[in-house]
Each structure stands twice: as structure tokens, then as C-alpha cells.
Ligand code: NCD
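This document opens with one chain alone, in C-alpha cells, the form predicted alone.
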């Protein structure tokens, strides 16, 4: 029997489902995932073998470079006793280089796998993979400038860890709002909860597209675009500072012009205060956050945020693949 592919709501039941978009989730689904994530954290910290995914094989195929997402998925599978098939840069080192279609690649890989994790440079590719896969779930690990749902889920977990809520938040998002799929996914996630306000700061060339902006303001979230750092609120609950993505620019002269427009450093922190905020970044950084605040107690991008990536992916894998 073929898998019923497509964008299916979680509705409290993760078993066998694709993870393609934050639109699949309800607030209740996200809060229940948080509880599961805490269980996975205990498993990881205990450093004792478990067999939750014993006998399971997860293929991880990335058409774009990655260190955190790729390796945290691989670590998550292995923490739970499963195994991985790992495919880096298939455009160079697989039959893709011979002209094989995405659909055929997915159908071949699912013959060896219990799930497939895919990253691709084109928006909508994860959905195409889900449509092609007949029997196994697909995890969207980033599709072009579209979504990165597991990153958004770990970001939501990180915010919840600090504030014990995902509503009534004031957030600040800075950097590449046009191409930043982590930005797009996190806004989607926060729009599921009530009374959240996000301030958006970027170079004018990298503002959130009008299509995305209009889509989001129709949801349950308030977006405020500003042009200067001084226009940002000092009572923010989180800062989400992102890099300008060189790989998204066709004209590198434009990239060089905007890449260092907004830099977060100790002087700016001292000026703005942000006493109750956590400082987040999806990584990698390329100069937009100074290393002089890495050890600041508010900085979580190299601490709990990155660790939550493995715990959240463990939770999803366990809920979707584990035989109970």
C-alpha cells in the first residue's frame, strides 16, 4: 500500500508522517513535542545505549553543504540505536551527476531506508520528495529559501526553555529576512501562538518579501519593520540575529555592500540592554555576531540552541519511526 503523501496535519499523531512545514503543527503538537524532547535530552545525557530505533536506517541526503543539521540528524539517529546512510553533495558524487531525477533518487533510496532526510537548494523540493516516496517519511532539512521546520522547532524549544511560554513574546529578527528560511519557519511557528510581536530589521535589499509579509500578517502575529537598530525595543524576549547569505546572491557586489550592515557586539548589547532576552543564531555566523559576547549568559547559539537541535530531531525520529 502506497504512503498517503502530502502536507498532513500532525493532530497529536506523528507516526509515519512527513515533516515538511510548520503548517502541519498545532500549539498542542509543539508543546507535546517539547515534553518528548526533554525525554530525549535525558537519553543523550545518560550516554547509555538505547534501542528505540534498532534496525532502522535513515538516509540523509544533502544537496547543499551543512554541518549542524546534517550531523545533528546523524547523531540523533545513532543516539537512538539506529543507523544512517549519508549522502553529501549528490550532484557530484551520485547518479544525480548522470542526470537522475529527484523522484528516481528518492525511490531508490527508500528501498534501503526507513526514512529520508533531505536538504535541497530549490523551494518545494521536500514536498516533491514526499510525493515520490511511496513507503517512508520525508524530513525537510531546508528547501531553498522556503522552510526549515526542524530548525524552527528547536528554536521554539530554546525560547520555551527560557520563558516557559510561546505566546505574548516580543522578538527581534535581524539580517537576511528575504532569503532566510530559518526566519520564515520561525515566524510560521510563532504565528501559531497568541499575541506575539516580531520586529524585523534588515538591509532594504533583504526585507521580507511582500508575499511572505502579507501571508504572515494574515496569521496570528504582529510584524513591525524598522530601519535602524535604535528603533528596536529594549524589552525583547529574544534576538534572532542571522547572517547575510552569500550563496543566495547572483551579484556579489550587492552581497559585499550589505553583508556587515548590522553587527551585534558587546557595545551594542550594553547600549540596548536587552536584559531579559536570549541571543539566538541559526549558524553559521560570518561576522554579524562578535565573539566577544559568546560567553554572555544571554547567548545560547553555541550552547542550548545547538544542543536542542539533536534533542528535537531525536524526538521527531522516535515519534515517527519507533515501533510501539
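None of the values given here were measured: they were computed from a predicted structure. Residue numbers count along the first chain shown, from 1.
Just so you know, the form predicted together with N-carbamoyl-L-aspartate (NCD) exists too; it's not on screen, but the next bit is about it.
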Taking the shortest heavy atom distance, is residue 78 within 4.5 Å of N-carbamoyl-L-aspartate (NCD) in the model of the complex? no
If we define contact as a non-hydrogen atom of the residue within 4.5 angstroms of the partner, is residue 207 a contact of N-carbamoyl-L-aspartate (NCD) in the model of the complex? no
Residue-level contact is defined here as any heavy atom of the residue lying within 4.5 Å of N-carbamoyl-L-aspartate (NCD) in the model of the complex; does residue 30 satisfy this criterion? no
Within a 4.5 Å heavy atom cut-off, is residue 283 in contact with N-carbamoyl-L-aspartate (NCD) in the model of the complex? yes
For N-carbamoyl-L-aspartate (NCD) in the model of the complex, the stretch among 22-30, 283-291, 265-273, 51-59 with residues bearing a heavy atom within 4.5 Å is 283-291
N-carbamoyl-L-aspartate (NCD) in the model of the complex has a heavy atom of only one listed residue within 4.5 Å, and of 181, 120, 128, 188 that residue is 181
If we test each of 107, 243, 222, 162 for a heavy atom within 4.5 Å of N-carbamoyl-L-aspartate (NCD) in the model of the complex, the one that passes is 243
Contacts with N-carbamoyl-L-aspartate (NCD) in the model of the complex, stretch 62-85 (heavy atom within 4.5 Å): 68, 69
